[in-house]
Every structure is written in structure tokens, then in C-alpha cells.
Ligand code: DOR
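Next comes just one chain, in C-alpha cells: the form predicted on its own.
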Amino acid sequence: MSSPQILLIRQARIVLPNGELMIGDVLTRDRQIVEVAPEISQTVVATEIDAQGLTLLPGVIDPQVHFREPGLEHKEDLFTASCACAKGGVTSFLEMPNTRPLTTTQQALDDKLERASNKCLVNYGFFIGATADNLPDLLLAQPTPGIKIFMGSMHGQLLVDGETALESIFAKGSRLIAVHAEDQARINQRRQEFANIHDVAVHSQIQDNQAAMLATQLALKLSQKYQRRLHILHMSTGEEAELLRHDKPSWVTAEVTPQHLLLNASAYEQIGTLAQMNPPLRSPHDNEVLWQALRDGVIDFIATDHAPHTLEEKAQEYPNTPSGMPGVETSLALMLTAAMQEKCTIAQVVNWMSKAVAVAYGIPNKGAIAPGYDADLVLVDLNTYRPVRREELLTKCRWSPFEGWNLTGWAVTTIVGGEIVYHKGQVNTQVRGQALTFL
């Protein structure tokens, strides 16, 4: 038998489950936290970390990423993406089905799980994607956090935009449905109106606030009709947030990305097509309304929608440029910087990026620093500011829309299952995460 993996973190500023801060020690054995106390006497310790001056948080669970494997590995793959996760303090992720082949069958899901077990430095889960005719797979595929439906801004088999087809999915089974809520008919109409315009800023007018609102209204209507567990991915508009503020059933959750909180359509002038994503960046007013909805609990948590493309692909002329941007390396530092600017609290960031995600997706033993919880942890430095530098990024695409932003709260040490996977700039590529379970 192998000896137990024991780790002792000493004198960290620990964010406790109730949101309070305590200077103390955390002891982990094998993959779990076994003790949290002001001081722990431990005679047999395999590894000890002096965390004085650092803040200890539960590892981030990023519930919406596109890691491009299989089929699109020139943009990213599970190994490079999980290295980027480790550097960003992300210890678990939920990945989307728009790979090649699409993740629409048990066989494709099993293939991704097998790849991840061999390559991923952090914990992983994979959505099953809805098509117009794969209902048996949607009902039976295991393990998966839920069903992903692209209601718009997708083409091919994964576009499910007809109300009849959507209703057939909402009507059967009880599994969580996560929607990319944009109305494809509205987008198609707007594309014709703005045809032959090559300024990328028009992207936010083509896939406008109304396109998002129409789809979210339809998803809510179907969810209420069948009392079906619904999650609204990357909410981007003030109108959607206000809709949920006034009519949000207990079985509905929503998320927002850091980019929809911190960037708006003015970014097109600064970074051009690097600011292009789906749903698009909106107005400063939308930023404000989304922030307030997040603080008020109308929006439940944060996701990055990490969706890398190469700089060569992004250098094409709009509308030939792909939508999407990377995010797993910067999300925690962005949100902790916002906390330092008093836009929110550190406890809120922990809730939005760890605890609330674990609760929403039924991921056991994650999202809190307490005995019995998994030892997925991140030590961050809230005393030092450092800019986002392209050359330091580990994502394969090697760029960020936040390049040059001066941020604090960067991960110093990231721990997955009680093992140090990232420490002071170095990734331990020998660590492997585990498949997440969903209750």
C-alpha cells in the first residue's frame, strides 16, 4: 500500500464556509481536508506549505469551458487547458459538447472521460449536447452535469431552435438543461440587415439584447411548464437579469462571465476581434445591471466560457472571425481584483466561483474549506498586483482580452486532491484530477 498523501498548510488567511476569515492551518490526508484549526500539531507531514500572508480559498469550479478536444486541438487541448486551469486556481471544470465529434452520445462522452483521465491535471466533467433527435442519449448518458442546448449562434446538429424540438427535450426526464439563450431567427434576420459590414463592432448589434431576451423567455416558459431544472449560461443583458429578478422559479439558476461584467462594446475599439464572443459584449448599463443581479443573488455564479481560438483565426476579417475568448487563467484574479475595488466581497467571490457551482450541479464535497470536503484549494496573494502578460499564459492560444490589466489575487499555489499542481509559476504535470460526480 502507498503511504497516505499528507499536506499541511500553515498560517493562511482561510475563507471559512460562513464567509468569515480566520488565520490558521489546514491539514489534508489523501484527497480530503481532515482538520481546520488556528494551529495544528502534526508530527508526520509529507509536505508543508508556509502560507503566511496568503489567502486560502476553495478551488474554483469553472462550469462552462470549451477545451477543444477532440478535433480542434490546434486551439487548445485537455492537457494545455488543465495547465491553464491550475495556474488560474481552477481545480474543476465542466466542458461543453461542441468538439469534433460532438459529445452527443455515450460513446463520445466515454471518449472524453478517457482522454481526461490521461491528460487532465484538474477535475473534470462533460456536458452531453442536445440535437433534434438524440433524446435517448440525453436521458441516459452518465456521468454528466446536464444537457447543453444551443438555442442560437450555433450551426449544424447542435442548433436546436424550434420550439417543438425544444419542448420534446424539456418534457422528458429530470436532468438539468443548460441553455445558450440566443434566438437564431432574430440573429439570421439581423445578419441580413447588417450584411457586408466588416467592422466587428456590428457583432453586438447583430446578436443584440433582444436575441438573448427572446431565447431566455422561451427557455423560462418551457422550464415553468414542465418544472424542469434550467440553467441559463453566460447571461449577458440587463433585460434578462431583470426578467429573472421578477420571475425566477426555485429550480432555475443563471451564470455570468467576468467579461460580461468587466468588458463592454467599447472593447472592440481597443482589441478588435479579440473582443468577439457569443453572446456578445453589451453596454456599460448592462455591466451595471448584471453586477447588481449577481450581488443580489438573481444571478447565481460565475463561469468563464473559456473558448480559445488562434490569433491567426482572430486576424481574419469579420464576419469570418470565430467568436470566443480564453478565460480560465484570469477569472479568479479578475474577480478578486473587483473585490479589492469593493465591487463585491471575497466571501461572495468564493460563493460565486466555488460553493454555488457545486450546489447547483450537485457536485459533492466541493466548494468549502471544512473537514470532509475534497482538498481542492488555492492560495492567492492579495498584496501584490501584476499585469496579464501574453507570454506568461499557459493556454495554447496564448492571448487574453485582459492583456495589460493589472490584477491582484493571482494563484501562488493550487492544490487538487491534496496534491500541489501549481506552485510559484511551476506546473506539476504529474498530478491527475478525477471525474466529477453529480448527485
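The first residue of the sequence shown is number 1, and the count goes up from there. Only a predicted model underlies this, so the values are computations on that prediction, with no experimental measurement involved.
Note that the form predicted in complex with the ligand isn't included here; everything after this is about it.
Would residue 98 show up as a contact with the ligand in the predicted complex if we use heavy atoms at 4.5 Å? Yes, residue 98 sits close enough to the ligand in the predicted complex that at least one of its heavy atoms falls within 4.5 Å.
In the predicted complex, residue 150 touching the ligand (heavy atom, 4.5 Å): Close contact exists here: in the predicted complex, residue 150 approaches the ligand to within 4.5 Å, heavy atoms only.
Check residue 323 for me: does it contact the ligand in the predicted complex (non-hydrogen atoms, 4.5 angstroms)? Because a heavy atom of residue 323 falls inside 4.5 Å of the ligand in the predicted complex, the answer is yes.
So in the predicted complex, does any heavy atom of residue 253 sit within 4.5 Å of the ligand? The answer is no: residue 253 has no heavy atom within 4.5 Å of the ligand.
Any chance all of 61, 303 and 366 sit within 4.5 Å of the ligand in the predicted complex, going by non-hydrogen atoms? No, the whole trio is out of contact, none within 4.5 Å by any heavy atom.
May I ask you to choose, among 229, 87, 234, 248, the residue with a heavy atom within 4.5 Å of the ligand in the predicted complex? None of the others qualify; the residue that does is 234.
Give me the residue from 200, 83, 307, 176 that has a heavy atom within 4.5 Å of the ligand in the predicted complex. Answer to the contact question: 307.
Which one of these stretches, 393-401, 35-43, 407-415, 63-71, sits within 4.5 Å of the ligand in the predicted complex when only heavy atoms are counted? Single hit among the candidates: 63-71.
Residues from 273-289 in contact with the ligand (non-hydrogen atom within 4.5 Å) in the predicted complex: Going through 273-289 in order - heavy atoms within 4.5 Å of the ligand in the predicted complex - the hits are 277, 278.
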